[in-house]
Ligand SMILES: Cc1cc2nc3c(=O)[nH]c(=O)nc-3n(C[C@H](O)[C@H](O)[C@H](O)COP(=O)(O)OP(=O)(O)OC[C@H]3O[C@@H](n4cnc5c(N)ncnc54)[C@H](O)[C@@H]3O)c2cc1C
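Take a look at this one chain, the form predicted on its own, written out in structure tokens.
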């Protein structure tokens, strides 16, 4: 397995421009000869599809939802970063680059992160031109707000609906290309295998979720934009359908999986209320701009929050991190909330797993109407779910699985270790290191789709030429047979437990031993419990219905089967990395103050894992991280 990151030479600020000039081009008339498959229609997939079609390529797009606009990007709330410096508060491309590198605890590539910061400003211009209704100041200029991990205001937002508005703009651009005939859309189609011919990605095998038909689709290149694997924990802020299947099955075909243990736990989620829950709901990090996070100073204090005097409240983030306060990065804020709850200061009816997010000071200072204008839909959502009015009483929040920084390994061109397989958005690992800063997910998805992969895929196609391979090739038939056999196997088990019950049990294992904090003993225990649970799954899962109809039980079972294999890779990665960095917190490696303790001498690398068979330890490859423009330092927000 070869790991050439393809990073251009030259000064950091000139690498992307230099690379674009050196890339081979496909002339406009020749673009019509190439076919590209895209899997996923979130911000990355929809923007890439619209861009490819606009350039003249023939594009086939697949999603398992009934409409591309139902992609999970629509759930993003808080905003999208860009280094416009409209507030004149000291922002710049280099500062956005540095904040992102530092926020990721110095575990990401300089070149990729700098390029992300470079193109961020273009994203805002593109989205404004497409009609995204970003919030504006009284004079009409675009508004900004702060987000965790930054001391400048660089986050553009559309109330608490930023993801929805951005996805609608990308969706509109995609629909235009569907209407023009340059994009063929395949909704309710789930990718179940990647087809590799002569060591190149040449297509996919999908199952029609309405009638169960298995079909193959060939192309000159395949782009995965399938999101992250946060549902590995069962309870997460992700939509129930989000899964690891597409990425994991590409991994089994030879695509390396990078940094799988880097999973982000978001600090501002509505707390769990019982074992019956199937998912969790996020409250946007943007609330931390005006909200103050606290717990009672007295253990087990059950008084209503408004009856607890100011001097009996512990604003623990402000106390621990005075420079950033309530805007400390997500990993640090999440661990701090867990710490006070584990110590007995938590609030709420379910095991005391909650802290207060209090906006009363901001309401007094700014007035209800201003807060309603900024966060009204978030407040309405919170009240519908909890029954509490957040204008009158503080919200209760607790950390939950939200985003995954790990993903398929890609080079500077966003191509995986399989030539012709490109991976964009949250499905790749490339930009966020060990911790993503808030409002950077939307930035990366649109950067990859609108401004990076349209260049880099052209370079690949110009060098590789047209493929004469079609869906009748023997490799496609072999993949179809594999998919059909797994479907028959799942349906034949006829056990006694549902796939969801296995997923819930598995999620408890991963959360307990590879969640917000990890240790060697726990990870080794998980690596004992996961294979046993997986064996039980394949002997006792119950799937009703057939494979020739709409069958959500079958869909979920296939996804859970992949999670049960993928979870081991996460644990191997966490066990291998004997340091604490960002969202990967190994309890054995922390400072006297309980902060993450990095080991730059031994672990300044990307962990890229190669498939070695189900149930076997995968093969570790290391991509060294070289820092020429930033100085490695202890990450401090105090």
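Because the structure is a prediction, the values reported are computed rather than measured. Positions refer to the first chain, counted from 1.
Keep in mind that the form predicted in complex with the ligand is missing from the display, and what follows is about it.
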Of the candidate stretches 169 to 177, 82 to 90, 68 to 76, 408 to 416, the one with residues having heavy atoms within 4.5 Å of the ligand in the model of the complex is 68 to 76
| Is there a heavy atom of residue 452 no more than 4.5 Å from a heavy atom of the ligand in the model of the complex? | no
Subject >> Touches the ligand in the model of the complex: residue 64 (any heavy atom, 4.5 Å) >> reply: yes
Against the ligand in the model of the complex, would residue 402 count as a contact residue? Criterion: heavy atoms within 4.5 Å. yes
- Would residue 582 sit within 4.5 Å of the ligand in the model of the complex, counting heavy atoms only? no
Handout entry: Check all three, 104, 256 and 259, heavy atom within 4.5 Å of the ligand in the model of the complex
Key = no
Only hit among 425, 433, 203, 267 for heavy atom within 4.5 Å of the ligand in the model of the complex is 425
Note: exactly one of 287, 250, 441, 397 sits with a heavy atom within 4.5 Å of the ligand in the model of the complex, namely 441
Near the ligand in the model of the complex, with a heavy atom at 4.5 Å or closer, the residues from 266 to 286 are 282
